[in-house]
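In the structure tokens that follow, the same protein chain appears in two forms, which are kept apart as structure 1 and structure 2.
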Structure 1
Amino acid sequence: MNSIFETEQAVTSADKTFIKMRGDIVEGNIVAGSKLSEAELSTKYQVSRAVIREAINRLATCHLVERKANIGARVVGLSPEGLVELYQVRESLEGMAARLAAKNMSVDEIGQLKELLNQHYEKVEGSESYYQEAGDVDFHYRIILGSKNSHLISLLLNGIYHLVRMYRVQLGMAGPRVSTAFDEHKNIVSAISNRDEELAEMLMRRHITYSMRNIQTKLTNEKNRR
């Protein structure tokens, strides 16, 4: 899926089911806001209800579904408000991640990050609009991992990022903002390279804020079109 790491190796049946379901939710195959029937899913994914229940619990910890006792689970709904809330958290956590990355990334890792940036540049130059998704995700992933803070990594990669992807995929975030985003990435790397924690955090926060505004614009345009 995305280049660097397929870290999560599913060993147990619940693992696999969880990952499948998560994909189906993010991609919209299981529609946002819909109710999840354990029995139904059990036949659909060919596993017992026990593993479905475990999968649902894990999805709940990613904030991809919401569970209510004795009532059941529903897929989270997508809304402009939800998007804003999500990005506020993202801004906060990734800002900190950038700060810590500036502090904790090895020179080697920073070198690789610059290398990645060069690859992106070539893609942008060649105006292959490839860039957007995978590249951007890759960039952010490296910085998050560079923070070396396990809590942060877990919250972002196992939690928030799938919801972010869900918004991106289902609201069709392709859009421009490519070259702009590239410059922002470049400046962030520069700050990290200079070990300027403050600046790295600030730039990352701005970068994410801009990105949110970009999505919001599309969201409202989408609305007006109807």
Structure 2
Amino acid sequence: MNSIFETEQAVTSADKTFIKMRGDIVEGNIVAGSKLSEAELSTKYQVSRAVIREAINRLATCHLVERKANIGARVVGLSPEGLVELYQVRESLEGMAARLAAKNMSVDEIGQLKELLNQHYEKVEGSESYYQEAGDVDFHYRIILGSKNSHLISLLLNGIYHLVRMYRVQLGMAGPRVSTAFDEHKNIVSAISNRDEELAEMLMRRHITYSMRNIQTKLTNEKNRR
């Protein structure tokens, strides 16, 4: 399956720069909404402006960067409106992925998904946050791959995955949401394990809706503090 993470072998300077910049945007090290200067980034990452230009173009295809006339390239902003639009698409596509995962994941893959949750439990027990790295250690990533639908995988992983992660990492699960989100993950895995396609989709959609509301609250609170 040709996904973003199977092409993550950074063989060129351009690949390495793109992956590093993408991570810095997702993590908030490059601030949401900030203007991107090729000259400044060239100095920061110690590469040519041509390499930075290529990285910015690739980041635009990941929906992490936007270009505007007379302004240039900017990191996308995190807004309540952008969140709603993104999560409406995410709810639909990941709901479908969960339905297909319940049908198509192998017994071994489901066992590995359960083991991943066990590892997550050790991290979230008594913790104030529930942070998941990208790729195979991300619960949602595993289910997306488990759908076994190449078009769906491409739409999610090569399309909106890192923009979703940007919201999740910078405004995601913390406080009381940690335990409830983990329980929701367990229920989704149970439905997949039982091959209950309809329930798996419903639970995933509900989980993403709850996550969106959690982030909405944080965005609203931040806006009110300004």
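All residue numbers here refer to structure 1's sequence, counted from 1. Keep in mind that what you see is a predicted model, and the values were worked out from it rather than measured. In this text, rigid core is short for the largest set of C-alphas that superpose within 1.5 Å between two forms.
In this comparison the chain labelled structure 2 is the form predicted on its own, and the other chain is not.
After superposition on the rigid core, the Cα atom of residue 188 is displaced by less than 2 Å between structure 1 and structure 2. Remark: with the core as the superposition reference, the CA shift of residue 154 between structure 1 and structure 2 stays below 2 Å. Relative to the superposed core, residue 89 undergoes a Cα shift smaller than 2 Å between structure 1 and structure 2. Core superposition places the C-alpha of residue 51 7.5 Å apart between structure 1 and structure 2.
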